[in-house]
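Below you will find one chain, with nothing else, as structure tokens; this is the form predicted alone, and questions on how it binds or moves follow later.
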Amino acid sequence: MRNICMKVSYDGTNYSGFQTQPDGNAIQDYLEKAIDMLTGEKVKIHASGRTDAGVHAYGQVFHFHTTSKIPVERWCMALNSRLPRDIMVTEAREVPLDFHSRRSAKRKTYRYTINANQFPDLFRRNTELHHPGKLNVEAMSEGLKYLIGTHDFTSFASRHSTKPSHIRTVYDVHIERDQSMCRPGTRDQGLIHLYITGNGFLQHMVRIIAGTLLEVGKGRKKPEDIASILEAKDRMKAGPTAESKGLILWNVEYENFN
């Protein structure tokens, strides 16, 4: 028996999330089908975490057990030839049998992208939230500092969350701006990339944080309101849940490899 760990990228636009669904249209369904086509084995893969419908991934990690003798260096090309073009396996390695993609993960990073130009980018419209109105990006950045550390993130979790604890640790959260596509003489503000790294995330947590930051950027909330929202432990105090299409699972880190 072998334990194969892989990294996969996908455009989640046309899928019902990562986790297998009755309609068979989840990323997991297509990966398991491709493995079956390649090896004849009906395996169950285990991912570092779920992503919702419409959410994307640049560095989703999953593992599965197999008796196949296919050399590890051949897995990526073999699976990609059996996958839809918007799902691509980019890394494969053999790991110890006790490795688990979710339980062994130490840190995860998500990126949420807001296109603050007047017009949406035609070619990236499925991976960015378009907001043409003026945003106070400095205020948004100021509000982020209140999220760093270990907190009860109930205010930033879906009301349908079933997790027994909403305490999570955020190691780093920051904004990076890309103004390369701004048109001279306009009010274009470019792309606003929100990066957040933590030991784990609750359902809709990053999207609710992004939606709340937009409220700060619009002047409807103050940067320091983030602290009181956290303390309230009340979903109603935070902002709306931002659209799923702007969210990408960016990276998952492990103790012995990335």
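Every value quoted in this text rests on a predicted model; they were computed, and no experiment measured them. One rule holds for the numbers: they count along the sequence shown, beginning at 1.
Missing here is the form predicted together with a further copy of the same chain; even so, the following discussion is about that form.
Shown alone here, E94 lies farther than 4.5 Å from a further copy of the same chain in the predicted complex, counting heavy atoms only. Residue contact check for Y171: none of its heavy atoms lie within 4.5 Å of a further copy of the same chain in the predicted complex. Although the partner is absent here, F119 lies within 4.5 Å of a further copy of the same chain in the predicted complex, judged by heavy atoms. The closest non-hydrogen atom of D86 lies within 4.5 Å of a further copy of the same chain in the predicted complex.
Only one of 222-230, 53-61, 197-205, 34-42 places residue heavy atoms within 4.5 angstroms of a further copy of the same chain in the predicted complex, namely 53-61.
The listed set A139, C76, A105, I175 contains one residue whose heavy atoms approach a further copy of the same chain in the predicted complex to within 4.5 Å, identified as C76.
Taking a 4.5 Å heavy atom cutoff to a further copy of the same chain in the predicted complex, the contacting residues in 168-184 are M181, R183.
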